[in-house]
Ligand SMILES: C[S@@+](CC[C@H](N)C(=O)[O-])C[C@H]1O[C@@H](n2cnc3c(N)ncnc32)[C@H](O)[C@@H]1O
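Only one chain is shown below, in structure tokens, and it's the form predicted on its own.
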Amino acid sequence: MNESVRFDRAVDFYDQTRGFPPGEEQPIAALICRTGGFNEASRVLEIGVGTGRIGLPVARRVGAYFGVDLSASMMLRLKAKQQGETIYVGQADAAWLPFPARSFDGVVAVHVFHLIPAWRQVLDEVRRVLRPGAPLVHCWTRDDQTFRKLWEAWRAVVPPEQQADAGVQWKRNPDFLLDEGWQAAGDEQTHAYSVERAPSELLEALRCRVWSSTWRLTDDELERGAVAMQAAIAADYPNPDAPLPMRYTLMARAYLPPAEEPPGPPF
């Protein structure tokens, strides 16, 4: 896969399936601002701003918030939810940011690098638009593996190449920036929250192609995975419609770009 994953098809269900539980938006926004050292004077950019689940609450805490996304329809949903927040959005590829160098006091990236094959080029662009000493705040999520057996059944029958992330592999989230020479600026910050979901809901979400990892599957591949998961549900859950608590932890960490290499000797 050479193109970044676009979320136009998810507009109508994105907030219901990716949004945070009620009341969690503000502590998460506070976590991101604390991690990045943002304040009411900060000028911040988010790559992959989407419907504003991160951008709208964070925008209330900073001077100006900018966002780019490939999907114009996702950002139209953001604008429909906007209630006076100072947030400016535009359709753009994060690998070619339409901003001058050294424009921002911080860049925010939440659940996005696994969707972008050209993620190294995105990092170059982020580095370009950051002011000296300004951080990239990278966020990802961990869960408590409540449905681990169900996912194992799914992965056992879905072709491995169809399971691979388009960009950075999800399991590399804690380390890939360090591997690219970025420097951690402080420790990981975390915020835990819980949701309830029934096994049958997970199966239905997969069959309806709610998750972007299902969008490139053929109908046959999707159905094989669904049948395998359905069998695992029947084996382990007497009441598949009963919701179970799932605990998530949002991880956030600030990173500074690699130091610029000094010019070589003249020849």
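Owing to the predicted nature of the structure, the values given are computational and were not obtained by experimental measurement. One rule holds for the numbers: they count along the sequence shown, beginning at 1.
Below, we refer to the form predicted together with the named molecule, which is not included among the displayed structures.
Taking 4.5 Å between heavy atoms as the contact cutoff, choose which of Met74, Ala134, Leu150, Ile87 touches the named molecule in the predicted bound form.
Contact check passes for Met74.
By the heavy atom within 4.5 Å rule, which residue out of Ala92, Val195, Ala166, Val158 makes contact with the named molecule in the predicted bound form?
None of the other options qualify; the answer is Ala92.
Does the named molecule come within 4.5 Å of any heavy atom of Arg172 in the predicted bound form?
Arg172 lies outside the contact set for the named molecule.
Does any part of Val49 reach within 4.5 Å of the named molecule in the predicted bound form? Heavy atoms only, please.
Judged by the heavy-atom cut-off of 4.5 Å, Val49 is in contact with the named molecule in the predicted bound form.
For Arg53, is any heavy atom within 4.5 Å of the named molecule in the predicted bound form, or not?
The answer is yes: Arg53 has a heavy atom within 4.5 Å of the named molecule.
Although the named molecule is absent from this view, report whether His111 comes within 4.5 Å of it in the predicted bound form, heavy atoms only.
Yes, His111 sits close enough to the named molecule in the predicted bound form that at least one of its heavy atoms falls within 4.5 Å.
Since the partner isn't included here, can you check whether the named molecule sits close to all of Ser4, Phe7 and Asp69 in the predicted bound form (heavy atom within 4.5 Å for each)?
So, yes: the whole triplet contacts the named molecule.
Name the stretch: of 158 to 166, 111 to 119, 181 to 189, 98 to 106, exactly one has residues whose heavy atoms fall within 4.5 Å of the named molecule in the predicted bound form.
Single hit among the candidates: 111 to 119.
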